[in-house]
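There is one chain below, alone, in structure tokens, taken in the form predicted alone.
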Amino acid sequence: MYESYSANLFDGSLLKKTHTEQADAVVVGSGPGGATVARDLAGAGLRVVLIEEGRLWLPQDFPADAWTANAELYRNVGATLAMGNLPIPLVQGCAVGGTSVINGAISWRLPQDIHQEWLATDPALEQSIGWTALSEAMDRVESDLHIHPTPPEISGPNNLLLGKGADALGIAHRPIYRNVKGCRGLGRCMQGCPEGHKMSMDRTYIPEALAHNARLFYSTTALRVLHQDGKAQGIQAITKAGANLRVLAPRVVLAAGALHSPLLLWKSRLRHPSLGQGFQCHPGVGITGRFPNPVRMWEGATQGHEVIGLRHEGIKIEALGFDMAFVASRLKSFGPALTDDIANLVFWSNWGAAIRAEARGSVRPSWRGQPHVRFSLTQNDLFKIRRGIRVMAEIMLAAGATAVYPGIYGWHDKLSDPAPLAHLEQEVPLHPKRFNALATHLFGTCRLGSNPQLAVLDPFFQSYTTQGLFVSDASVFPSNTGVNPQTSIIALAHLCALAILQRT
């Protein structure tokens, strides 16, 4: 796929000489937000330069095991921490294509009730991200990325058991809508699809941008925004080989994510009272269970089924697929019992609950120049976590699990019947140290809004402080969404690109 565009590809690990590029627009970050803007602007005839810190991977080169994938494809080995009452790892990809390369391909439209929340808080957003325009953009995304429900023939037992248990309890569920084409259910989404069947940005919008003569510098880190007299002028970057790269352009688009977009603004001395404020995410908790028949959770669609009946409560339950090493790491046994459990890995399953947390935190630069994230769960967030664990355990037992491990410190290590779950609320206090979580889907640190004191960007994605500077990633969201945001990020990025072109 990339052989045809070799003249427009620049590997920063090989670039050792100072270099200057002239462009109409420079985009930092090649994930869903950045790739989309680059593709739309290049398609409209602008000279576009795209900068990505991670390397370019071809499908056949993706690591087969999750531990190597974590080291090679995840930022900070997936261990960037949000510090607060419960330290939470924040999961992000670092590669050409961004997190779209290593996510589960889950593709949710922005729920209309979430959009209504945004407009109720700031009605002026209707002019730039109104429901009609957003819906049309989401339609386009679904068509471009072949988004469709996971068919049963590639679901695998892990996904089907979640549906079976939810059915038994009368809780609404459905196959997950995924951006894939020709998926064979290899269970490798989180390591990068080895056959290129996931319609991630490296397989879709980035090649399209290159086809329109966009230039991609990968293994290259943006250092700061160049600006003068309140106007953006480009990006200063450094290649992995240590060479300085200057891209001079009157339009700068940051799409480095909710941690690194604000960090770049700080490093560029572009301050704003709300910069880095309002950080939100979706904390996730998981449980493990053992079934009498083989599950082989490393086979089938990585995440192919979900429980949607609790979304109104801010809880969404998903089947999770991991490779064998990760499955083994989730086991709680030791000694001979651990040996037996590993010998019977085919019987184990893992599911997760993502929480729409109400807590808001902050992102600031640390003394090392990396993002320092502060985020503490509220009592209501902890209530959702506890309830999510209870419902997952009930579903797992209803699906036929012989043992469930809820992962709550100081409570039952193992459950074989649902009776103790009826007392969970009375026996487990809402204390953060009782739970173990990680977070995906990071939002809100460069928010859109009509009030320049409260929002970093105007309703059309442009910085209030710097003309020609735009942001196009989940940091622009007024709040978290409670669902996987990839489709929403891409749809908003289409609207961002349109806003840029209308100002051209």
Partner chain sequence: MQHWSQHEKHWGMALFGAIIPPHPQQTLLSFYQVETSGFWERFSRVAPAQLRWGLRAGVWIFTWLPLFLPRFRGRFHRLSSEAQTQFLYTMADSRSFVLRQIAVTLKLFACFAYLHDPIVRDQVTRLADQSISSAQISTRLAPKKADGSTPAH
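Just so it is clear, the structure is predicted and the values come from calculations on it, not from any experiment. Positions refer to the first chain, counted from 1.
Another form, the form predicted together with its partner chain, is not on view; read the next lines as being about it.
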item	value
Residue (of Gly234, Gly286, Gly278, Gly156) lying close to its partner chain in the predicted bound form, criterion heavy atoms within 4.5 Å	Gly156
Residue among Asp122, Glu313, Asp144, Glu72 with a heavy atom within 4.5 Å of its partner chain in the predicted bound form	Glu72
4.5 Å heavy atom contact, Trp67 to its partner chain in the predicted bound form	yes
Its partner chain contact at Leu421 in the predicted bound form, heavy atom, 4.5 Å	no
In the predicted bound form, Pro87 touching its partner chain (heavy atom, 4.5 Å)	yes
Close approach of Trp131 to its partner chain in the predicted bound form, 4.5 Å, heavy atom	no
Interface stretch in the predicted bound form with its partner chain - options 214-222, 96-104, 256-264, 428-436, non-hydrogen atom within 4.5 Å	428-436
Complete contact of Trp118, Glu126 and Pro273 with its partner chain in the predicted bound form (any heavy atom, 4.5 Å)	no
Sequence-ordered residues of 280-300 touching its partner chain in the predicted bound form, heavy atom within 4.5 Å	Asn293, Pro294, Arg296, Trp298, Glu299
